[in-house]
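Only one chain is included here, represented as structure tokens and corresponding to the form predicted alone.
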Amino acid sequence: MRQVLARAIGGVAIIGLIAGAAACNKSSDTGGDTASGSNCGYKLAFFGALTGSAANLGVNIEQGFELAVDQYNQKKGSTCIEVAKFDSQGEASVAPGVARNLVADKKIIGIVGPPFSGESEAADPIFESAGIPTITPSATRTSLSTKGWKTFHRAVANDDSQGPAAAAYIKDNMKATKVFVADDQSAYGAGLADVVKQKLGPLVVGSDKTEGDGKQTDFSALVQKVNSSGATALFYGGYYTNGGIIRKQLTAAGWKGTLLGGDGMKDPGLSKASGNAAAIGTVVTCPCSPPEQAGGTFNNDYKTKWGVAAGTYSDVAFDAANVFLQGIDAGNTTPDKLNTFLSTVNYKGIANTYKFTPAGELDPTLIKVWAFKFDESGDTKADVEIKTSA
């Protein structure tokens, strides 16, 4: 697990108020980056996993978010916008209580998060009731935008894009004819795996369920099923810790096929769990661009502040924070006004351009999905941008 996890602050509900900062991205469509002092004194919140089995992904996102606010405040020469951090542990069972703590703080006018689909299903109704707008940089379950939530916004493609793209990669790039599909029964993992199964159709020779991250360490039953099926590819809907253990146990059992997964497995924590040698060649899809391709000085700025390279969705979170900051700069200093601003925003960030449909989805013309492969370093490298339909 990266050094970033060591910086995660423990606790079920961390409401750390950190002098944050950040000027609106210079590439925004307004072209301006000077705010009026009258628009200060508010808070933006990060809501997501800072501790727990999937904390690496949450910390990546929080640090991109915090970097944006930090830069905003540096340009203003003061602590204009404060950062509030809330640790959901990525757990749907924990998220509601943490969400209620968040909405009690009336200075919070926007939220970056939640990162995961299960916690989003649990917490977003509370944010909707309070009228506080959210931008999730990474929650991909398709149904999140069908709840009628007016405060929900998604800065990446959903599983209806990622799932078909993963299936297309398996069929067109790998030329696999026998595929096993499994998932961790989470809102995210099961949703993604279901789409992949549907798109692969008769190529699927078997399927199975596991427990979620941190709840299961023996996957021998799954390994035996995969081996017996004759599959040359296993798609796993779940997160990086489970994915790594499964890869380790498949290798130990002599399986020579390719493990694939979605963005929840795109983290060095997978290779830590499996061992670097076993992880090599594992493929993960992500509705994101390679972070090293982010525009401007983002990658240098991130490494300077945090001491590590930007991770999965760090750049999207940076953009999401700057979308909010642009709205605040324009005088939208209530949750309701900021939510209205998001309905018409057209923001060019360092990772993508952001426009939202009335349901809060990213504009379909802006969707992208990439495939990444684990290499000998234990991290992922960009492989190919893939189609969003199979």
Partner chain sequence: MNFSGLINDFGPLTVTGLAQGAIIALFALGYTLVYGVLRLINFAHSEVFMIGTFACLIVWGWFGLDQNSAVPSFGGMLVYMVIGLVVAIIASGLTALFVELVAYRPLRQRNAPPLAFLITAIGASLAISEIVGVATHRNQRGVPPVISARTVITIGDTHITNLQILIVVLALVMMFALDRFINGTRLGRGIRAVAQNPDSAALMGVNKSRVISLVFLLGGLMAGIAAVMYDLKIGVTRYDAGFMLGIDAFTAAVLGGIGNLRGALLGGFLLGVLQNYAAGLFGSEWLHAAAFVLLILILLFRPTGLLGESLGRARA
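Keep in mind that this is a model prediction, so the values were computed, not measured. So that the term is clear: the rigid core is the largest set of C-alpha atoms that superpose within 1.5 Å between two forms. Numbering follows the first chain given and starts at 1.
Keep in mind that the form predicted in complex with the partner chain is not shown, yet the notes after this line are about it.
By the criterion of a heavy atom within 4.5 Å, Gln224 is counted among the residues contacting the partner chain in the model of the complex.
A residue is said to contact a partner when one of its heavy atoms sits within 4.5 Å of a partner heavy atom; Gly257 fails this definition for the partner chain in the model of the complex, lying far away. Although the partner is absent from this view, Lys305 stays clear of the partner chain in the model of the complex, with no non-hydrogen atom inside 4.5 angstroms. Of the heavy atoms in Thr282, none are within 4.5 Å of the partner chain in the model of the complex. The stretch among 311 to 319, 224 to 232, 82 to 90, 287 to 295 whose residues place heavy atoms within 4.5 Å of the partner chain in the model of the complex is 224 to 232. Highlighted residues Asn101, Ser129 and Lys150: none comes within 4.5 Å of the partner chain in the model of the complex, counting any heavy atom.
Of the listed positions (Gln162, Thr241, Ser117, Thr136), a single one reaches within 4.5 angstroms of the partner chain by any non-hydrogen atom in the model of the complex, namely Thr241. Proximity to the partner chain in the model of the complex, taken as a non-hydrogen atom within 4.5 angstroms, holds for one residue of Lys215, Lys107, Lys178, Lys175, which is Lys215. Residues of 244 to 272 that come within 4.5 Å of the partner chain in the model of the complex, judged by any heavy atom, are Ile245, Lys248, Gln249, Ala252, Ser271, Lys272 in sequence order. After superposition on the rigid core, the Cα atom of Trp149 is displaced by less than 2 Å between this form and the one not shown. Superposition on the rigid core between this form and the one not shown places the CA atom of Tyr72 less than 2 Å from its counterpart.
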